[in-house]
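Take a look at this single chain, the form predicted alone, given in C-alpha cells.
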C-alpha cells in the first residue's frame, strides 16, 4: 500500500461537509495515514444547539462499519431496537388493525441524533490529526481546495453547491417530492409489551408513520433516550398538514392529532409525550435524486461527490444514513486500493458506478416503490407475514440489506413463490 506521493508526504484529501459520510470517511482515512482537511459551515456548538436534521436510524451492517472505524462512541448509551413491526389499519376508520406483525432483526439497530454524533465525530477527527475548518464553500473555495489537495470530496447534502453536480435523470425516475415529511423528537412514550421495534404504519392513500427509540441531546453536554416520530404524508392528503404550524407546541399537537385520527394504537402510547426540546422538530419535502458523481470546476479540476450529495432517498425506508455509511466504506476501500495512482475522473466514475450498481441501485428502487400505492401482490405478501413468521423475518431483515428485496419484491410471481414456499415449510 502506498500512502505517500513522490515527495514521501501523505496523500492529501479534502472533504466538504461534516455529516455521516464525510466525518466517517475522514476519521477512517486519518487512521490510515492520509492528510485530511474537512470544511464545514457549522461548528460543533452550532450543530449541538441547532434543529434536528434527520431521523438517522442505522441498521447493524452500517453500525458495524462505525465499530470497525472506532466511531461507535454512543453504542452503550443508545437504546437498542431489536425488530421491525408493521401495521395497516382497517379501511373503515374503526381504529383497528387489518394487518399487524413484528419480527426480530438479526442484530439490533440504533439511532443517535446527529446533533450528538456530529460534534463528537468532529472532536474525534481533530484528535486523530485532521484539519477542521469552518467556512462556507462555493466554487472559488472548491478551486482552492482542489489546487491544494490530490482529491476533493463533496459530501454536503444541502445548499446550492451540490446542485452543481447535476441530476442523473437515468437514475432518478421520481421527479418531485412524493411525501410531506415531519419529525418529532419526544420523551414519555409508553413501551410495547414486546421487544423494541421500528414501528411502521402504512395508511393507504394518507401516508406512513413510523417511530423508534433514539438517543438525543439533554442540556449543554448530556444525552437522553427519546423516540423519534416520523410522518410521511401524501401531498394534498390529510397528513400533509404542517404548512400552518407556527410553534413547537403546535407541531407536537399536530403530531398527536395525526396519530389519534389514523393510528389510534400509536396515539395511546404517545398521548403523554413531550418534545425533547424546542429544536426537536422538522418539516419539509425531499425529491429523491441521484446526482452525477463528478463536478468539473472552471479550472478543469474535478470534485468527487459522495453521501447525500449524490444519493438522496426519501426517508420512508430509513436507508439514508445506512447508504451514507456504506458509501463511505466503499470510498475508503477504493482510496486505499488506489495506492499512489492519481484520483482522476475515470477512477471517480468507476468508484461511484461500482457503488451504485453493486448496492445503491437496489436500495433506490425499493425505496421509490414504497412511494406509490402498493400493488395487490405486495399487500398479499405483507398480510402473509402475519401468519408466516419466516416471511415477516425476511421482510424485516431486508432493512439490513435491501438488495434482498430484488429477489421477490418487484415480481408478483416471485412474491407468490416466496409465500408458497414458506407456507409449505410451516405446514411441514
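Residue numbers count along the first chain shown, from 1. Bear in mind that the values here come from a model prediction, so they are computed numbers and not experimental data.
One more form of this protein, predicted in complex with a small molecule, exists but is not displayed; see below.
Novice: Out of the stretches listed (84 to 92, 334 to 342, 71 to 79, 176 to 184), which one is close to the small molecule in the predicted complex, meaning heavy atoms within 4.5 Å?
Specialist: Checking each option against the 4.5 Å cut-off leaves 176 to 184.
Novice: Are all three residues 172, 199 and 361 in contact with the small molecule in the predicted complex, where contact means a non-hydrogen atom within 4.5 Å?
Specialist: Per the other structure, none of 172, 199 and 361 touch the small molecule.
Novice: Determine whether any heavy atom of residue 380 comes within 4.5 Å of a heavy atom of the small molecule in the predicted complex, and answer yes or no.
Specialist: It does not: once the small molecule is placed as it appears in the predicted complex, residue 380 has no heavy atom within 4.5 Å of it.
Novice: Could you confirm whether residue 233 comes within 4.5 Å of the small molecule in the predicted complex, counting heavy atoms only?
Specialist: Contact with the small molecule, no.
Novice: Quick one: does residue 53 come within 4.5 Å of the small molecule in the predicted complex, counting heavy atoms only?
Specialist: Result yes; residue 53 sits at the interface with the small molecule in the predicted complex.
Novice: Since only the chain is shown here, I'm wondering whether residue 155 would be in contact with the small molecule in the predicted complex (any heavy atom pair within 4.5 Å).
Specialist: Residue 155: yes, in contact with the small molecule in the predicted complex.
Novice: Pick from 252, 161, 206, 105: which residue has any heavy atom within 4.5 angstroms of the small molecule in the predicted complex?
Specialist: When the small molecule is considered in the predicted complex, the option within 4.5 Å is 161.
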